[in-house]
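Given as structure tokens, the chain that follows is alone and in the form predicted on its own.
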């Protein structure tokens, strides 16, 4: 027996299928399968995303006033499934677009009107200005300061480990706005314009021989008052919302190899590697491959729980569990690739793509162990907020920040 819900779901599925049939043409699909830049989006992708946003498929869970359709999570998944069936990008950004989701949650009407549309269309490049040389794991210890002068804030300080800063138009910045209250209570959260005098970006060389991270020196940079997210001195709460989205994204997956078969699933590659090496019949190795696959499947289920919490307006601590699990998965898969290849894993260069991939993934796994909060911090969050264990002592938690000793 058909219900109103079933009829609505069928109509929605028919609508999105019809739209994709008319708009997701072969030339567009072919253009978007070409290499995309590491930071930012190609012109072809921007053009396609503009169509998706205009048709209100990009953020179907969002309110209609902000490019959404006011749909339930279950109905949004129908749209995502149809896009995935034809391998079309652009929908589901109400889960995966860190920048736009954070802005919708805490931005001023002026800033949302100015930036949400361009963010959904990937017309704006973004970066995160959180960590500092002496405030990494303890982000509440930041010393970058923002002082109000009329209709703007003047910012001074230093940030580090900032991905994509070289091309960013804005950075999501946390800065100290009150030194006379405890450390968590004197922080504010901003969208900082990056293309201005006073922002000096310097690349950092990584173990993978890349320079995706940067240190950012900020000297008398200006941020309009309307670019504050959340309330004055309530930036720590805003940061938790942003971190929940970041950990959701990192918990769902991570960057793959620079070469090799990037389209194949990790478990397929592990099995293919073992078969090529003639070791697939070894019981211990088969068990390890099966364990790696099981971890990934379990993490997908856990991520679904976390998404449900976020969809209900909560900053889910379960995202820490997903991010920690993904870190473990990446390290284990890199170890397995190395073990399967044996001595051949020491080879290097484009003539040895299997070894090149294994070595790159081994090095790059540390990105997930550190970015978005270290593995150690995730274990603290899980212990305290998921398992209910006692909090670690913080001797400086309740004293004015200007009285906190600095190293």
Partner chain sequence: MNKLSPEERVTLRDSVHKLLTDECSENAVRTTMETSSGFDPVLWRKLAEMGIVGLIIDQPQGGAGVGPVELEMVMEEVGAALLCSPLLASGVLAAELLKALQVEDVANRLLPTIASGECIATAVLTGQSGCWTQSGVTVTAEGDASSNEWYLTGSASYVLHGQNANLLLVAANTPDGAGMFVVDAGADGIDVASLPTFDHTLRLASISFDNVAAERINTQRPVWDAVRQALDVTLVALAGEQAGAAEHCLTATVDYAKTRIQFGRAIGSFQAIKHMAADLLLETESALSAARNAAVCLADDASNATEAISLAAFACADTFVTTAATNVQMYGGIAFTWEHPAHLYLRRARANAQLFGSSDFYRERFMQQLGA
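Numbering follows the first chain given and starts at 1. Treat the numbers as computed from the prediction; the structure is a model and nothing was measured.
From this point on, the text means the form predicted in complex with the partner chain, which you will not see here.
Listed stretches are 334-342, 49-57, 25-33, 64-72; the contact stretch with the partner chain in the predicted bound form is 334-342, by a heavy atom cutoff of 4.5 Å. Residue 137 is the only one of 113, 231, 137, 167 with a heavy atom lying within 4.5 Å of the partner chain in the predicted bound form.
In the predicted bound form, the partner chain stays beyond 4.5 Å of every heavy atom belonging to residue 198. Residue 375 belongs to the set of residues with a heavy atom inside 4.5 Å of the partner chain in the predicted bound form. Proximity of residue 41 to the partner chain in the predicted bound form: non-hydrogen atoms within 4.5 Å are absent; the residue sits far from the partner.
In the predicted bound form, residue 45 stays away from the partner chain, with no heavy atom inside 4.5 Å. In the predicted bound form, 338, 339, 342, 343, 344, 345, 346, 347, 348, 352, 358, 359, 362, 363, 364, 366, 367, 369, 370 are the residues of 333-372 with at least one heavy atom within 4.5 Å of the partner chain, listed from first to last.
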